[in-house]
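Only one chain is included here, represented as C-alpha cells and corresponding to the form predicted on its own.
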Amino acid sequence: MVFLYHCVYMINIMQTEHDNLGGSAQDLPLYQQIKRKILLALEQKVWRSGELIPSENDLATLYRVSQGTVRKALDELVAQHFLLRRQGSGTFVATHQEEQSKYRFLHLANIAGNFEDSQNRILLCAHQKAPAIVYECFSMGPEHIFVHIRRLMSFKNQPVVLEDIWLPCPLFSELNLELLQSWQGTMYGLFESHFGTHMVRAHEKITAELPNEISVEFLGIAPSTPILNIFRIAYTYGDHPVEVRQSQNLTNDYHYANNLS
C-alpha cells in the first residue's frame, strides 16, 4: 500500500485547543482549569463512554469552585463533543453509540448535501508492518506491528470509498476479521465498546490525486479518474494518536462537506 500525503488542504475535525494538560494551568481562567481536570478524569477513565458524570453541584463541591464555573467548563466540553447533555437526565460522557454521533467523522455528503448510510465490506484485516508514514505518525520504530484494515464503502450499492486503516498493537491486538464482519455499528463505536478507545478528534490532509492500483480495482475506475485522497490521524483523550487512515474517494456524486464555525 502506497500512502500519498502531499498536502494541499488541511483541516482538524472537532478541533480543541489541545487540552491535554500541558503548559501552566495556573495561568488559565478558573473554568479552564476545571475543564482540564475533567478531561484528565476522562483520559484516566474515571467516567467511561456513555456514563453519567456527577452533577454540576457535586463537581463544584469536588473541585471547590462555584457551580457557575463548573457549568462554563461543561458547556465547552459539550460544544467540543467530549460530553453530552440529555434533558432531564444529566450530563454524560460522549459515546459513538449515540445516533447523533453516527456521522460525526463522516464528511462525504451526496449532491443534496445529506449524509447517507453506507454498505461496508471488509476486504482485509491483518497484523503486519506498516508504511513508513504510519510509524512517523505514531513516533514508533519499525519493530512495531499494526492491525491493517482495508474497507470498501458503498452508497446505494455503488463503491465510493476505499479505506486503509492502521491501528497500533497491542491496543487493538484482539481485533480480527470475524469481529469486524459481525459488527453492526460504526467502526469508532466498535473501537470504543470492545477496546475502550474513544476517538475525540481527527486531523486530515486532503489532496486531489489519481487513484492507486488497489482503488482502480475495487472502485472499478480507470487509472485516469481523479479521486479525493484523505489522510487522517485520529486521537483519543490526551491527544494520543490511535489511528491512521487513508481513504480514496470518488466525487462524481459525493463531496467532502464540513461546517466551519
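Since the model is a prediction, treat every value here as computed from it, not as a measurement. Residues carry their position along the shown sequence, with the first being 1.
Separately, the form predicted together with another copy of the chain exists; it is not shown, and the next lines address it.
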{"property": "Among 62-70, 221-229, 32-40, 45-53, the region lying within 4.5 Å of another copy of the chain in the predicted complex by heavy atom distance", "result": "221-229"}
{"property": "In the predicted complex, residue 210 touching another copy of the chain (heavy atom, 4.5 Å)", "result": "yes"}
{"property": "Distance check, residue 192 to another copy of the chain in the predicted complex, heavy atom within 4.5 Å", "result": "no"}
{"property": "Another copy of the chain contact in the predicted complex: residue 111, any heavy atom under 4.5 Å", "result": "yes"}
{"property": "4.5 Å heavy atom contact, residue 104 to another copy of the chain in the predicted complex", "result": "yes"}
{"property": "Residues in 197-223 close to another copy of the chain in the predicted complex, defined by a heavy atom within 4.5 Å, in order", "result": "200, 201, 202, 203, 204, 205, 206, 207, 208, 209, 210"}
